[in-house]
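One chain follows as structure tokens, the form predicted alone.
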């Protein structure tokens, strides 16, 4: 076990705000307000304290924004009452005010003046002018194709405002990348097993566990704040951590055991672990007997999946598989096989997450201390409005005909129906896009561009320009989370709680909050009955009063806790009904069997890396969230130069030296637009490369009648989305696996040759 202390781990993973305090631009612009001498003076005598909920990432930590009397934001800190942050924000959260101060922000409504080729050729407009174009565009879509042909692609906390608008208007053609690429396969796998999903934050009882198993899950790099803090406590306690990852990640460096698995073979390892745990009697026998269905079927099923068989597939020695299986079984039931977050990988991902759910079940960890607790959330009443009109077709029509367990709109299906070659009845001919950049978030890039160019009308709502704004007919500048009001955070947790995001300052320039934009469009579309309020604060105050609070109280406390109504854990031997067909935890899925899917996970081979190529692995950095934070002036200073991880064997093969700039070419011949420097390291398998996600930005800003490159992010690094050419769709849910893509390395600038020729 690593001797790394909790404090050291927090520093390395980036959780401590000290790392951000050392950033030169932050200290200069903020006047070194993190210093011990100045902070008390500001807080006691000058600061105005406003509750907020961070939106630099989806963890949505609650905090406090401090402004001075002139209305300038000076600091953001965590709320001590918040279970997501425990009073401590990560560097991203503390640096969130960079989103507010970024001079590259969208400032005024823009209307396109020339063709849809990705170039940002606009004219500045008033909000009234922009709304007029939007209403005409949406009504033209309705007239020519039907309302359903206008699709909504969204992300973030303002997404629900536009969901409400679209449903009120009559379109339910919508989706978000976080579904098909991130959560949909995981949720379906757990629902099929336990009758319940996981949502966010995942109800893993890390602070009480004895053994944590991470499979391609980069805690400490993806900055899941609350979980990072609990993992640091686990490190302090000397708990067991097993990391399965082809890359020696931050967590792998501080694990009891690192298994550098061959990519695409994770399911083989999981099945082999089940083989050992069942055959050696390391499972929780009483728990399995009382709460599960299909154990004997599972026992027979895994007999062929021996560690020796798995070793030949995963490249992990059979001895290590036996050893780690016994470590896991020995910790039962205080053990967590972590379900992860970005779980769409290879095309059979619902079954892989089913295997994770099954393994947790036979270990007895579901509903047990040190395993998975039963979360609770506050149920807020919804504002009254007429029933939504029923569309003729929706996301369900274009998703569930192929994937019976699609639990939300699949963005790639929407893109497929937007392509010029699609000749079916469910055409997508208009898009309303908010807080997501499909060019980077919905690969393959070439297909997305063809779909965008085939649209009659596109609206983009965002705080920052990006590649997608170059395809919009209208661009609307949204206020940042520090300047706007949004829905209350009601995420489930150990104790039910609500958190308020309240605007700390007025919106800069001519930006507007998402709720205002959605309502104004709705009113102009004749949907006044769905907006029986003038200001969204009225809705929140009414909701709060229904649960025994008020806006006045929430402005004062930021986070309010409520008593639990049900136990957090199962009591030994108590009766419990799971929301499945059998009322048990289904090791053998009766739903899957009925629908024609494998009722228990079956390993399927995903092929080998082609000769001369490397598997493309992408991932997160602790300083950034996707591509949305890269231009943030404070977070940019923490990380502005991505590097490509390359094993020494591969470096020798390609004749590449450490620090050398290279370009990537995928199996289809596509060459990266920009280059990237190499980090030669043994922390990556020899058959793979690791590329930080979100870089390679081509976004431009529209300034004084002309377009300019974004001041910080343009052209830095390589976009992994640009290199993705193949998507493996999960047959059960439609989850879009992106990890079966391969690249080779070019050592000379191919674009320079093109320019010379």
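Positions refer to the first chain, counted from 1. These numbers come from a predicted model, not from an experiment.
The following text describes the form predicted in complex with a small molecule, which does not appear among the structures shown.
Interface residue among 131, 674, 618, 293, judged by heavy atoms within 4.5 Å of the small molecule in the model of the complex: 618. Shown without its partner, this chain lists 241, 521, 178, 644 as candidates; in the model of the complex, only 178 has a non-hydrogen atom within 4.5 angstroms of the small molecule. Residue contact with the small molecule in the model of the complex: residue 738 places a heavy atom within 4.5 Å of it.
Heavy atoms of residue 626 reach within 4.5 Å of the small molecule in the model of the complex, making it an interface residue.
Using a 4.5 angstroms limit between non-hydrogen atoms, residue 478 touches the small molecule in the model of the complex. Not displayed here, the small molecule is kept clear of residue 102 by more than 4.5 Å at the level of heavy atoms in the model of the complex. Listed stretches are 307-315, 588-596, 437-445, 569-577; the contact stretch with the small molecule in the model of the complex is 437-445, by a heavy atom cutoff of 4.5 Å. Each of 221, 466 and 484 comes within 4.5 Å of the small molecule in the model of the complex, counting any heavy atom.
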